[in-house]
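Below, in structure tokens: the form predicted alone, a single chain.
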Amino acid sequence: MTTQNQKLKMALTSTPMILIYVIAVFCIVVSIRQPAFLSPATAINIGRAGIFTMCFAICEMVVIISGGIDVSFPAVGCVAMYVPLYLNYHGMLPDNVFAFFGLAMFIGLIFGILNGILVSYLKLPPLIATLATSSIASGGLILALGTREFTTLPPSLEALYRVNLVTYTDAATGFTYPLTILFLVPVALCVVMALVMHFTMLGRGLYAIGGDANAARIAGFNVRLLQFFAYIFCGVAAGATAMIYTTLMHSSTTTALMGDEMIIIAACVVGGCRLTGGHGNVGGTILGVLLITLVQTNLNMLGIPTSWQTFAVGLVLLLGAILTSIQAKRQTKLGKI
């Protein structure tokens, strides 16, 4: 087989292409069973449902590429969404969108710095370090502020919630489907991080330390600083994402995001990130999030009970792990690693 044919075969059987095939087959099957799936309303619902998953997945992708893992972002997000509303409710924070998001991102920054210290300075395994941070954040929040649930947004966040990019009205049912302007946040995040990861020394450094930290250090990369960036970025972005969640869901509790870490990691792995680090990209992560969001939001259209959702996500994660393993073996065989 010629080199050109080998490249073509690799491209057509790469992880992103396989994900595209799976997504296409899933959409065809669902649309055959439920023709309403092909309406603009479905696209809007998927777009809204994927906002939080996409933002969290991009955060986690950066950490995984750098050779680490972060399971603390759901707990950090809970703190970041709960504290601003708690302070506002007690008159200690002004009703201002920038104040809410600024405080949420600052809280994420603090926890990101903590994770960076534990991993880069104290050399703790990333999983253990972020598990500890998660427990500290979750337990400390409940001990300090209680478990009150906020279900009414301050006026400034309510005003933000009502700003939409587009609104679709189904002629048959009369239902309206708005697409919030906050959808632009994951779009901008994906574009920026794609540029950073592929065209800057920062991105190359993250790939380098994920592939081999010692080799990256010899090559002149500041491993400790890059690890700090990965965890700080994850923390800050998780704080902002949590406030988006509060705005769109009209709810803020101490446990709202807990348990989401496995789904987010699944999206990254399915998209081509290797838990050993050094591999992955924004495009693959987008496809991973899209596949998982489709599975989560459209199982009922196939007549499958929503109670099977966790099982289905587990199958998707297994698929991603198998695909990643196969791709790694193929690239090794071809001498590309």
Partner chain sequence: MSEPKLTKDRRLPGFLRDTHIVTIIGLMVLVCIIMMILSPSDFFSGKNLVSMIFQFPEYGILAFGMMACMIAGGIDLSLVGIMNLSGVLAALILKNMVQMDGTTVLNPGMVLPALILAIVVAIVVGAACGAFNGFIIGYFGLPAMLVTLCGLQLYTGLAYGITGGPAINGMCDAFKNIANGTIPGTGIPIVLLIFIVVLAAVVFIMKCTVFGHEIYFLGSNAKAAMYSGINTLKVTIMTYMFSGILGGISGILITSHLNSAKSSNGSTYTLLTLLIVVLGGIHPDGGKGRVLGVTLAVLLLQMIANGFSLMHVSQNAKTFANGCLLIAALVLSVVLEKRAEKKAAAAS
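Residue numbers count along the first chain shown, from 1. Just so we're clear, the structure is a prediction, and the values are computed from it rather than from any experiment.
The same protein has a further form, the form predicted in complex with its partner chain, not shown here; the description that follows concerns it.
Only one of 228-236, 173-181, 243-251, 128-136 lies within 4.5 Å of its partner chain in the model of the complex by heavy atoms, and it is 128-136. This chain is displayed alone, yet in the model of the complex one of I44, V30, V295, I69 has a heavy atom within 4.5 Å of its partner chain; that residue is I69. Contact with its partner chain in the model of the complex, judged by any heavy atom within 4.5 Å, is made by just one of L124, A99, L87, I113: L124. By the 4.5 Å heavy atom rule, the three marked residues I265, W308 and L318 all count as contacting its partner chain in the model of the complex. Its partner chain is not shown here, and in the model of the complex it never comes within 4.5 Å of any heavy atom of L38.
Although the partner is absent from this view, I322 contacts its partner chain in the model of the complex, with a non-hydrogen atom inside 4.5 angstroms. Although the partner is absent here, I18 is not a contact residue: none of its heavy atoms lies within 4.5 angstroms of its partner chain in the model of the complex. The closest non-hydrogen atom of G140 lies within 4.5 Å of its partner chain in the model of the complex.
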